[in-house]
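The chain below stands alone, shown as structure tokens; this is the form predicted alone.
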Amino acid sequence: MLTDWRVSNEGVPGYRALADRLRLLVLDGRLPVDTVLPSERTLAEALQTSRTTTTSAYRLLRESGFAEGSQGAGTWTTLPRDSKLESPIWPEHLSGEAEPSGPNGDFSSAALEAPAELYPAYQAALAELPRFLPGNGYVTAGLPLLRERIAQQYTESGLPTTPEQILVTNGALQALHLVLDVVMERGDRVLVEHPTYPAAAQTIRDSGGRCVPLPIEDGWDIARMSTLLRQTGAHLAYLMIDFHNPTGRLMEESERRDLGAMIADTGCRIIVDETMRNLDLRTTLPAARAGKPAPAPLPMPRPLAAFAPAEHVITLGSASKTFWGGLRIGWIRASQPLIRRLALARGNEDLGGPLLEQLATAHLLENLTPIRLHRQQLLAERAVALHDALREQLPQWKVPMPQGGLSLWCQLPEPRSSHVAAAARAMGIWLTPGPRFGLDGAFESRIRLPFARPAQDLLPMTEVLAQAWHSRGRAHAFDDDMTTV
């Protein structure tokens, strides 16, 4: 991580160059908060520099709030209090009304508009509803028809599943909340990807869990995961390995096999969030770039539960990203004994979900393949349009194309994500700054830009974004008076 730390800071004193590089590693999340740093002597020997340099660098980090230390405990990474967002920059107009078009409104949401098939699905659901009206309407585990169709989808993906292994919930976040209440004790450590989906991290905290960051921007390191589990005592992890939010990465099947072996070896339970699984862009993105029809989709890796003991993998799914967020339909796939425990816990919470939405989702799953292919093509065209507009408006940004999902995870040349989001908000658009996806304020040099809205909205949005980026002066790492850290 410290390769070429001198070269990129020519003309800067060595201790400042080292401190600046370490500070950026913390802000990017590559050095998670609370990481114990090497001793001053050890680091000096590894970098072939003087101990005075490392001592001064650590002192500068402590003075600027990026490190703390104590006698006998060493030095560990922190973040300055004023670098953490006191409240998330979310839209103030979450009223359910239609979003305005053009470069205004909510560009923070990674969710599509409803497909054309949604209204007919509701019509079909309404036609079926009368046969359920003589009953009390409470179906705690979910409508049997919907459970059957979800189980069928898992079986077709290479993971044999019965309806009794499915629990239908009011969205994936309720599913996560139920799982945590059943399998986690307050104070437990939970391994979480870094960056991660912010609502999931908050749900873990609200349930009493303590998030342990696992850096994954360069991919999933199974050996590092195993080491972190041993070092921290965590026995639970939350992962999004199918087009990860926000990076768009996909874990390959060989890695899933290795992860399954690690799960069997350590006994760790893994909560796998598959809400993005149907948003595969690996073939549609190149085709959209070339202006050609998309070839046949590549085979998807089998779900993680196909490679690990049944009781150790809990899979979460959702209709929100594939179909429409307004459905509020999610589900849990797990072993039958655990599903029974979760159903009992769910019965104490809300007794069950709305039947009409479950019926509509069951009809949508009947037409999953054409809907999925159309959504993938639509997203690919919007992703290319946003990527090209960013390359024109903000050429200094690094904007890698994702393998799937709904957003671009952009790397900024300076750690000013929160400033950019605030400036954009003043101009009428809402963006989610990078630190929302980190733990304790990391990722100030990243910003997530969803491509869920139509291209005619995304293109003028990038012009506003460019104005927001250029509206602030360059942020220097360490001023002499320490006021601009």
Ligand SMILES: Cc1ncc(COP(=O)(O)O)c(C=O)c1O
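For every residue, the number given is its place in the sequence shown, counted from 1. All of these numbers come straight from a predicted model, not from anything done at the bench.
Although not depicted, the form predicted in complex with this ligand is the subject of the following passage.
For the three marked residues, 197, 245 and 321, a heavy atom of each sits within 4.5 Å of this ligand in the model of the complex.
Looking at 116-124, 375-383, 146-154, 274-282, the stretch with residues near this ligand in the model of the complex, meaning non-hydrogen atoms within 4.5 angstroms, turns out to be 274-282. Residue 240 is the only one of 263, 190, 240, 179 with a heavy atom lying within 4.5 Å of this ligand in the model of the complex. Only one of the listed residues (304, 334, 172, 225) places a non-hydrogen atom within 4.5 angstroms of this ligand in the model of the complex, and that residue is 172. Taking the partner from elsewhere, residue 387 is found to have every heavy atom lying beyond 4.5 Å of this ligand in the model of the complex. Not displayed here, this ligand is kept clear of residue 256 by more than 4.5 Å at the level of heavy atoms in the model of the complex.
By the criterion of a heavy atom within 4.5 Å, residue 235 is excluded from the residues contacting this ligand in the model of the complex. This ligand in the model of the complex comes within 4.5 Å of no heavy atom belonging to residue 312.
Shown without its partner, the chain has no residue in segment 277-300 with a non-hydrogen atom within 4.5 angstroms of this ligand in the model of the complex.
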